[in-house]
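Next up is one chain by itself, shown in structure tokens, the form predicted on its own.
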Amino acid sequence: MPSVEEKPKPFLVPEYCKGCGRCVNVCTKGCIAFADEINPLTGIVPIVLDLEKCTGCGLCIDACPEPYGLRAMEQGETYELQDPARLFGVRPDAAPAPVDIPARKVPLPKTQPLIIKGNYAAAVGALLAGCRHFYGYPITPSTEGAELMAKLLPKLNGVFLQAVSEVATVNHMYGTGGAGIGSLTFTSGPGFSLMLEGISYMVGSEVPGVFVNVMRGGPGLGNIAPEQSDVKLACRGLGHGHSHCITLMPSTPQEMLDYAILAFELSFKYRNPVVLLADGYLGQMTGKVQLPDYMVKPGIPGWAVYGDQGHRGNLISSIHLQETDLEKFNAHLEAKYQSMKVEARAESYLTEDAEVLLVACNTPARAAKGAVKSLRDQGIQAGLFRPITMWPFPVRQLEALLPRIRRIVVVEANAGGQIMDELRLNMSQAGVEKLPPLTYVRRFGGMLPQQTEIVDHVNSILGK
């Protein structure tokens, strides 16, 4: 009597299972159930098979909406995931690899200087850098920058959108950056705090965007007066995970313009957000600003998800479900952060023979510069070291000055010594373990250090 051929039983490829449960419902023998754990490759709970009672009826295979989820397995057959291109050939609509269209500089005629606020200067700098997309939510003392963008962008065929919140703002910027397009926002401390999760997504997806944070007093709503209260947030707290951004700290309206242009250049160079940290006085301060002799015409990066045929094969994402993949990606980010250290910038004033070194940024650096002049008039060899990038901190530039320095005085506008902490931490991480004695002059709550306070402090520590 001939033997009855055994029907093939189902075989599961978990990576294709969507956990819909259709096969569970049609199995009359109870051979299929949901697994107890999520599949780390898909983020979905797949089904599991117990084929002891399976009759090989094939109902589960027919019910499966995924062609390769459940399939009939002949006895002794094995199955491995295959590249679809190997199985079916290249997709007929596959586009060639996208080509980088680089940004280029367009010459501008020489103009007379402008007398404008720092906030306006940063907005003009962004426009000259090729920015045509602004998203934001009004917040003092940064709102004037958004107002100017609202007036000018429609005339430049640009996009101005007052978002419903700062959370919405950063996600608009995420999408725009993913398309390879530069975008800008103006905000202050409370708004910047709300943007941190989205900034981390932008870092993880490697997309550009520029954040102008005109810092005000805190914590909480605090007040609308100037403070340097967000230094630690920008350098050490940019959202969850391994997140860093180049952080620029201007001290004049001219630098607000210049560093806004630089911020867009660095943001695209490293495929990473950039933060421009100003204080409330600097945003509101009026000064003479000279425009550059060029403006930037943006390009289209090859990596962008631009929405056209040439870029349809690209993907922007920050998710890496496998632990080994996420570790590898974070190693890639760390290597990128290390490469950013060449962007560390600082300015030195009368430091060639200085024995007392003042360290200050933003508007307090202006008072510190005046204090250096007063101290020099008293015969005290003082100098000013002004970090322009707070992250990456200009370690080597400061280290070069240390052999002559007897005292360091950090001048800052916050209660916790956030700039001093960055100085200590970065010098220690770079292996500079011995620093001259550090003291400080601090005001906060909207008050800024005064030139006379700095001079008096230096005299007191020198015993004069």
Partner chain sequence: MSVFYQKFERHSHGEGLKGQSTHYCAGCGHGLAHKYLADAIEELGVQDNTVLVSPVGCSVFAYYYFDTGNTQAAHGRAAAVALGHKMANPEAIVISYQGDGDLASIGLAETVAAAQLGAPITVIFINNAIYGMTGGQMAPTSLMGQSTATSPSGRNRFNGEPMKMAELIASLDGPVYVERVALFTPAGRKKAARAIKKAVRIQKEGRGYAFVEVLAECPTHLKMTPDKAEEWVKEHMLPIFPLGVKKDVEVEPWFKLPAPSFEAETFTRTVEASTQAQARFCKGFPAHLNPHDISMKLAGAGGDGAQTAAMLVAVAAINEGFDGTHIPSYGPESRGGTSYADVHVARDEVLNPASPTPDILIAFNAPSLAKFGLTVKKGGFIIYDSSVARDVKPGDPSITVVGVPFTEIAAGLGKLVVKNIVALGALQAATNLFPTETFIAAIREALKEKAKLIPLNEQAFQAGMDAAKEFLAAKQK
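These numbers were taken from a predicted model, which means no experiment stands behind them. So that the term is clear: the rigid core is the largest set of C-alpha atoms that superpose within 1.5 Å between two forms. Positions refer to the first chain, counted from 1.
Omitted from view is the form predicted in complex with its partner chain, to which the following refers.
Just one of Trp391, Phe192, Tyr259, Tyr201 comes within 4.5 Å of its partner chain in the predicted bound form, counting any heavy atom, and that one is Tyr201.
None of Gly218, Gly239, Gly178, Gly383 but one reaches within 4.5 angstroms of its partner chain in the predicted bound form through a heavy atom, and that residue is Gly178. Heavy atoms within 4.5 Å of its partner chain in the predicted bound form are found in exactly one of 265-273, 230-238, 123-131, 208-216, that being 123-131. Remark: none of the three candidate residues (Ala103, Leu196 and Gly445) comes within 4.5 Å of its partner chain in the predicted bound form, counting heavy atoms only.
Contact annotation: Ala150 falls outside 4.5 Å of its partner chain in the predicted bound form, judged by heavy atom distances. Residue contact with its partner chain in the predicted bound form: Met340 places no heavy atom within 4.5 Å of it.
Residue contact check for Tyr16: one or more of its heavy atoms lie within 4.5 Å of its partner chain in the predicted bound form.
Not displayed here, its partner chain is approached by Pro113 to within 4.5 Å at the level of heavy atoms in the predicted bound form. Along 264-290, these residues reach a heavy atom to within 4.5 Å of its partner chain in the predicted bound form: Tyr281, Gln284, Met285, Thr286, Gly287, Lys288. The Cα shift for Asp456 between the shown form and the other one, taken after rigid core superposition, is smaller than 2 angstroms. Comparing the forms between the shown form and the other one, the C-alpha position of Met420 differs by less than 2 angstroms, with the core used for superposition.
Residue displacement note: Met447 has its CA displaced by under 2 Å between the shown form and the other one (rigid core superposed).
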